[in-house]
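As structure tokens, one chain now follows by itself in the form predicted alone.
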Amino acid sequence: MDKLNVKIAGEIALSEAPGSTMKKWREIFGITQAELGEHLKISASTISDYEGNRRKSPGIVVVHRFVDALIALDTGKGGSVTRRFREQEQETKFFEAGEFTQAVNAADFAKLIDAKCVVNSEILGQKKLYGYTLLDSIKVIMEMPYTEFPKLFGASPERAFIFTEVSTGRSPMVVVRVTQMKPSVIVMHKLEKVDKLAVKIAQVEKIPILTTKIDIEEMKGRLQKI
């Protein structure tokens, strides 16, 4: 079993709500309950019961089969999720990524990090997050090779990009504008006022921008508990 399989299996086994964690990973891989059930030769309703935490916590055999099924089904579709996640595991000096054990509503995420939504607040509650990527905006913009950009999205693009060392917010939003994949939420750390062009880009891309002054280590500590 390789590192990715171990990571997923371990996260499920250690979760306080293993069914919810299984659901998170199924959704990250873009696999329906019907597809998973067909592959495992069980009913979609059985999978629904596991994900709703209505069945007894899955044993190691069930978890092993579940993880193998995700990888196999993704491979059958071209392996894009598996490949992206394995690339993200490589060491990098430009960013730090974290994954949540279950999907988090973006409005709840904002409260958790003491953030204020300054753009697109009306759609914040419609967004869900599976993780976050902490980026040094100066290093990413000035030093990071463009070929490395896909790694910023970790296991799923439905995540928050948290930019540090931000002066106006314009440059990070220009980067987001020209990338093919888009994060669900942008966080500008310790930024007093967001640049007008950054606001306009966020409106066009329909990405909420949050600002927060919370200490980075405190933020990471709170996020790692999700």
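Residue numbers here begin at 1 and follow the sequence given. We call the rigid core the largest set of C-alpha positions that still match within 1.5 Å between the two forms. If you're wondering where the values come from, they're calculated on a predicted model, not measured in any experiment.
The same protein also has a form predicted together with the DNA, omitted here; what follows describes it.
Although the partner is absent from this view, V62 contacts the DNA in the predicted bound form, with a non-hydrogen atom inside 4.5 angstroms.
Under a 4.5 angstroms non-hydrogen atom cutoff, the DNA in the predicted bound form has E51 among its neighbouring residues.
Mapping the unseen interface onto this chain, K56 counts among the residues with a heavy atom inside 4.5 Å of the DNA in the predicted bound form. Put simply, Q33 is close to the DNA in the predicted bound form: some heavy atom of it is within 4.5 Å. Between 66-74, 33-41, 164-172, 185-193, the stretch whose residues reach within 4.5 angstroms of the DNA in the predicted bound form through a non-hydrogen atom is 33-41. Once you line up the core between the shown form and the other one, the Cα of L210 stays within less than 2 Å of where it was.
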